[in-house]
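Have a look below at one chain only, the form predicted alone, in structure tokens format.
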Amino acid sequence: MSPPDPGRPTPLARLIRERIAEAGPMPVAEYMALCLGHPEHGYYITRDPLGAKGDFVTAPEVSQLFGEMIGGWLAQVWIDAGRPQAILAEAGPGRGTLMADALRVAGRLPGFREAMALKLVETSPVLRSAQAAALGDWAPHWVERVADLPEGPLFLVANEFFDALPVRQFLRLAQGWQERVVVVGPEGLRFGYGPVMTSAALETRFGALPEGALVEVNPDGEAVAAEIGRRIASFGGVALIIDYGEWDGTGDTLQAVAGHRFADPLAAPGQADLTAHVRFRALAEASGLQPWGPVTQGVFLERLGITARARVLARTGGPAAAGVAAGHRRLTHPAEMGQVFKVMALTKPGAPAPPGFASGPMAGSME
């Protein structure tokens, strides 16, 4: 997919300009939410953004190794939990590739298929269709929000889900804070700042910061984390969150990707993917659960046995073996996805460390 033409306003750009003309400057979070989820022109509503023909590639699309490791992980945490009847959920399942690969592994474990009710948290009709094709044998059921999941023990995977939830951005000044907003300038949409305000919540969260520092808050992400926390605290289970970001931090991380290249976030609303880095600390605190990690994706996958599995797959030799090696490197190497992506698990306080966060064997090993 070629990058959008920034010289031609998109249909959503015209709607956003009208909204700003009527109601004033638009907070970054509202802009991001419209770009990604507008019911007619939203990025995720109108297309399949994944793969070589899309705008970006996620770890499950790189190699089956990724989903297989998650499948072994799910099998082990289910055993450790006592093999309950449970909800198996994925938030933001993409094409269903991760869960299909994971269930090919976990489904070998006696009783796993019968115990798990598969639920997919997805708003895109295009991606729901792809998920149905990939996961039809497991009779998945779709919901719009994590809050719509049935009550019960919850085993949840969220890979590159929280980074797409809208962030609010605030600029630190000597006399207070200004929220970053989108306004209309002579040449189109541009960033600006709202009026100066005081905020005890921002002061408490970020502490002393130099003037000019920019911080991000993800209210929707924290609300989802709180809902996950309520369910796991009440019924048991575990959540696995994989995303790019850090435990904590500041700075402007809003970015757009189109045609596998970085783009101007304001250039073509609705036609580029918008994301922001995840602050894992904020999600952990909102959940009220015990956080494990975050550890880097490379370390996590190595602890789960990805190298041993890659060697098994590579025994066929030829081009297939080269593809396995390339996929392994891309998923684990610090210069590829291995360092920038982090992995965090959330459990009830006092629960033992899940696989990948402490050394030990896995029931789902595929060596």
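In this text the structure is predicted, and so the values were computed from the model without any measurement. Note that residue numbering follows the sequence shown and begins at 1.
In what follows, reference is made to the form predicted in complex with ligand SAH, a form of this protein that is not presented.
Ligand SAH in the predicted complex comes within 4.5 Å of a heavy atom belonging to P60. The closest non-hydrogen atom of N218 lies beyond 4.5 Å of ligand SAH in the predicted complex. Using a 4.5 Å cutoff between non-hydrogen atoms, W177 does not count as a contact of ligand SAH in the predicted complex. Using a 4.5 angstroms threshold between heavy atoms, Q297 stays clear of ligand SAH in the predicted complex. Note on contacts: among S124, Q76, Q169, Q271, the single residue with a heavy atom within 4.5 Å of ligand SAH in the predicted complex is S124. Distance criterion of 4.5 Å from any heavy atom to ligand SAH in the predicted complex singles out G94 from the list G94, G245, G71, G237. Checking 115-123, 132-140, 286-294, 188-196 against ligand SAH in the predicted complex, the stretch whose residues place heavy atoms within 4.5 Å of it is 115-123. Residues N159, E160, F161, A164, L165 are the ones in 148-182 with at least one heavy atom within 4.5 Å of ligand SAH in the predicted complex, listed in sequence order.
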